[in-house]
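Form predicted alone, single chain, as structure tokens, below.
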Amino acid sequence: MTKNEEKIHQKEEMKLKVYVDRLSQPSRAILIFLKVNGIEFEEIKMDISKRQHLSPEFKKINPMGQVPAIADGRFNLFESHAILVYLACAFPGVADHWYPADLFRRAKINSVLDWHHSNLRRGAAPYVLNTVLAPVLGLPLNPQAAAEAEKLLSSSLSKIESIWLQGNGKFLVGGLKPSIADLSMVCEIMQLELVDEKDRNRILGPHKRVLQWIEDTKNATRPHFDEVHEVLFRAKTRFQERRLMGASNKTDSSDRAAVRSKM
């Protein structure tokens, strides 16, 4: 290997590598953050449906076997909120509003991030899993688990509106611009795009301030928000088509049963 080739190889070894599946909501949050802030990285796509996140190779990066994860040189890191904090602090040029240097504002953002995993995520992710995604992953649907998750999801949305979105700013904890907490939680809520439209409207419709905050976060991070969510929108179209086909099949079978009953 020549010296020039060795330098290129070393540069590639040191380049930030990001292991993600774009159908994973925390994966999307990290990708959007990187793109908005102009951080150079290599996206390594993992397909959760094919169990790629459980491979021995990936478990060297994240022994928990979950996405997202990053490798920054010889430094590996997993857990999406830890990754967002690291990226906001480690790379020059990241605007202060994402993870403010001010201790009090930073502490408030940390409190939202901690709350997210025990509340919003515990509602949103199981609800979507048990209403839409389970069959894709080879799992049975669990209506009882979906109902319990919906209660927590609705409660979490109410708390976002009554607690975290109180203040003069458009964003969480009174922010005038989005933080990593805004990005993480909006990407969490975006997975509701996959569920039936009437269910999504039932859950989100009563929360007008939440809906406006979602739009404000989208607008603050475009065009990257839309580009990273494109895979979600394609999946949404496929699920809508399946639902229509299922309804058509049900109609056909009921029509046939009605015909037989009259014979």
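Start at 1 and count along the sequence shown; that's the residue number. All values derive from a computational prediction rather than experimental measurement.
Beyond what is shown, the protein has a form predicted together with another copy of the chain; the following relates to that form.
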| item | value |
| --- | --- |
| Residues Ala147, Ser154 and Arg209 all lining another copy of the chain in the predicted bound form, heavy atom within 4.5 Å | no |
| Any non-hydrogen atom of Val231 within 4.5 angstroms of another copy of the chain in the predicted bound form | no |
| Another copy of the chain contact in the predicted bound form: Glu193, any heavy atom under 4.5 Å | no |
| Ile163: touches another copy of the chain in the predicted bound form, heavy atom cutoff 4.5 angstroms | yes |
| Another copy of the chain contact at Asp114 in the predicted bound form, heavy atom, 4.5 Å | yes |
| Per-stretch contact check against another copy of the chain in the predicted bound form, the hit in 41 to 49, 56 to 64, 211 to 219, 193 to 201 (non-hydrogen atom, 4.5 angstroms) | 56 to 64 |
| Heavy atom contacts to another copy of the chain in the predicted bound form at 4.5 Å, residues of 107 to 129 in sequence order | Ala107, Lys108, Asn110, Ser111, Asp114, Trp115, His117, Ser118, Arg122 |
